[in-house]
Structures are given as structure tokens and as C-alpha cells.
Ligand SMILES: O=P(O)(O)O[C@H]1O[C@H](CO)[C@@H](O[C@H]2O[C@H](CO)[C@@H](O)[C@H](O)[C@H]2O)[C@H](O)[C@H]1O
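Next up: just one chain, as C-alpha cells, the form predicted on its own.
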């Protein structure tokens, strides 16, 4: 049988009903998954977009790859599912059970979350080691990368919007759950950075996508080096706080690392400058988010007028030729790693998944990422008892000075732009905390009170001299990837925190 014929034979017909016998069990199972975006909304329809068997029909266990369209109260999303199929489910896989098929090609068999099955997880890596197509699925890799055969897979715990598998101590595979047409930035940007010679980000070594008729390919998964022995930036900051230790050396080095990534992205991908109309639209979007949040969070209303001043000032600046480029898009301490050699790496370039993919791929001012990190220092300080405001101020200053050391320009020299993005971030945090973690609402509210006050001329506070000179450092040619990193502060409502 030819490869094309074999690929066609693997595509599965599940019956005339959109998902046939799988539909009832998926309707019950999907809303319980942490990565499901439609929580709180009733599923109105499930649509089969694609179905491919990754193993021959007679194999046991079997592995079924599905792309499923989900309509829920006016929203429409596409999800990637990898379902295992067995006549009998071993006790170790009982938590992965989705249900038992009562009819159709899998009648009488257990259907379960396939990524939890080591045998099926190993198969996925083998597909990535051998580029090629299977139905609409396309597997590709960096020909220079050495991907070992059959390392032991294990799922990464604490996942949120995606699922990840660690293979031995060498690689980690991120499987995107909510997918859409177009290259995912978590593949596009690290590849561009690797081509530019930037070693601050683990370079993808393999990936797979779906090529559907009449649409751009959908990025489905990315395999990257696993940064064994790295410290999650958020957890490291909390440990230093708890020990009463200085963190300015690390903050300074992180500022330099962030600037290196921004500089490499600006050199590798198109840049632009905001004109007055674009700046006005940017400020209008921030103002609209503020108004919506004030309606939802009563405690924010007394500060609304003062906060709006930050956005009015941005609109009045008429753009001033603000540079816009590709950025991380969702940067905070939980998206950073201090590697075993003491240098910093940035991870998770997917951007804010609540935003449409096309928006996440647009150039934006780099200060958006900077504001995310500065707010993250404040979150860390306020999670500590007693509150350590000087620690946060010193870290914020050290980060900005480290950034300026690389780019030649301190982010605080653009106070209107920086204040607008910090304010927008704090407003977003207030909305998130109000919905999901009311006990944390005091953290963004403290920033909101500060940001709503009339702004005095900026003075740059000089932090203590770092005890250890910050080393710019870089990743080794074959770095590793993080341990489970938790998102320390706000994620969109569809990304519930642990």
C-alpha cells in the first residue's frame, strides 16, 4: 500500500452524528479539563474537524487523534485530543478514563486520555523522530537535532492551557489543546531566535501540525530541550524573599536577558512604529477594559478616573514613533528560568491564549513584556509577610537597569508608555482576582491605588549594588526545560490557577 493510501486508511469515520458514539462522553469530559476554555458555558454543539488513527486499527492500545470543534454559548473553539483505546484499562490508567464506547468502531472498549499512557506517549515521540505525513497530520524536525529513541515519558503536572510530556531528562513536548489556523508563536518565535543565534530560549527540535483544506496549518505540538536543574523564576524569588535575601543581582541579569531576546526578535522579524491613530486605538482599548472591569469590580470604581489618566496621557502623546515588534506577550517571573549555569532563559512564547492568534502575532511595544515582569516583582513582594515594598522597588529598578545595559535605553525613560501598560496590567489583574481568587484582590488593588494618583516627575531609585555581579551567560548548546512552573499571578479566566 502506498504512503498516501495508508494515510487515507488511517482517517476514521465515526458515523453520521458529528462525533458518533464518542460525543456523549466528550460532552461530559471536556468541561472538567483544566485547559478547556468554555468553563461556565453550556456546550451547544460538538463538530468533528479531523480524526486520524496513529496506530493500525488492529493495534491495542490504539491512539486516536481528534480535532474537535466546540460551540459553547456563542463561542467557537477547536481542541486537539489524543485518545487511547483499550479493551481493558489497567488500574494505573483508571484516572484517565473518559468512558466506554457503546457502539461504532470502538464498541465495548475503554476510551481514555492517551497522553497519560506511557506506551502512547512514546509513540508520539517516535512520530516526531521520523518526519512525514499521516492523513492531515504533518510531523517535522530539525535535521541537526539528535532525538534519542525511547526515553521514558512522563506527563508534566500542573498544566493549564496545554499538556506537556517530559521524555527522560532530554526533551519536553508541549501539546497545544486549543488550536487555530496559523503558526503558534511558541514555535515561530523560538525558531526565529535560534536562527538569529539567541540562546536565551530553548530552540524547537521537532513539531507537528494539521493541514486542513482551505485553512492555514494548525500548530499542534512543539518538542524542545528540557532544562534540567533550572529554577523557576517565581519560586526562586519567593525563596529569596523568605530568606530575607537580596534579589537585585538576579533581577539585573533577568533584565539583560529580556533585552537580549527583544533585540534578537527585533532583528529577526519585522518591526514598525505606532502612528497617532494606532496609539489612540491602543489607549482606547485600555480605557474600554478599565470601564468593563469597573462595572465588575466595585472596589476599583473610586480609582477609575485616576487610572483613565494614564490612558488619556498615552493617547495625547500622539504616538511619538513608539517602536513595535514581536514580543513574548505574557511575560512574568513564572515564564523565566534560571538555569544550572546561573543564566536566565525565557519560556512559553505562546502569548496570552485568551487573545486571538492573529492578535498575538502582531508587533507590540516591548514595554508590554517589561510591565509584566515589573508587576510580577510586586506580586512576589506582596505574597510575603510582612510586605516587602523596598524589595520590589529594588528589583524593579535593577531589572530596568539591566535592560538598559543591553539596549542603551532604560524603560523608565518612557514613563507615559510604561505607566499605561502597568495600569492596564493591574486592571486585568483586578478583574482576574475578583473572579477567581478574591483573597488576592488586595495585590492589584494596592497597585491601582498607587497608579491612580497624580504622577510626579519620575526619579530612578538606585538599588543596592548586587552582591554577585550579574553574568549575562547563555544556554548551553543542548539546554533543558523547566520543572512544572506555576503561573504566579493572573491568567485569563479560562486558565484557572492551582
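Residue numbers count along the first chain shown, from 1. Just so we're clear, the structure is a prediction, and the values are computed from it rather than from any experiment.
The form predicted in complex with the named molecule exists for this protein as well; it is not shown, and the discussion that follows is about that form.
Trainee: If we take the named molecule as it sits in the predicted complex and superpose the C-alphas round its site onto this chain, is the site open or blocked, where blocked means 3 or more ligand atoms come within 2.4 Å of a backbone or C-beta atom?
Mentor: After the site C-alphas are aligned, the pocket of the shown chain is blocked to the transferred ligand.
Trainee: Would you mind picking the one in 375, 200, 326, 252 that has a heavy atom within 4.5 Å of the named molecule in the predicted complex?
Mentor: Result of the distance check: 375.
Trainee: So the named molecule isn't shown here. In the predicted complex, which residue out of 188, 330, 117, 401 has a non-hydrogen atom within 4.5 Å of it?
Mentor: Going through each option in turn, the one that passes is 330.
Trainee: Only one of these stretches, 391-399, 122-130, 422-430, 210-218, has heavy atoms within 4.5 Å of the named molecule in the predicted complex; which one is it?
Mentor: Single hit among the candidates: 422-430.
Trainee: Does at least one non-hydrogen atom of residue 335 fall within 4.5 angstroms of the named molecule in the predicted complex?
Mentor: Contact check for residue 335: yes, within 4.5 Å of the named molecule in the predicted complex.
Trainee: When the contact criterion is heavy atoms within 4.5 Å, does residue 161 count as touching the named molecule in the predicted complex?
Mentor: Heavy-atom contact with the named molecule at 4.5 Å: present for residue 161.
Trainee: If we define contact as a non-hydrogen atom of the residue within 4.5 angstroms of the partner, is residue 234 a contact of the named molecule in the predicted complex?
Mentor: The answer is yes: residue 234 has a heavy atom within 4.5 Å of the named molecule.
Trainee: Decide whether residue 34 counts as a contact residue for the named molecule in the predicted complex under a heavy atom distance cut-off of 4.5 Å.
Mentor: Residue 34: contacts the named molecule in the predicted complex.
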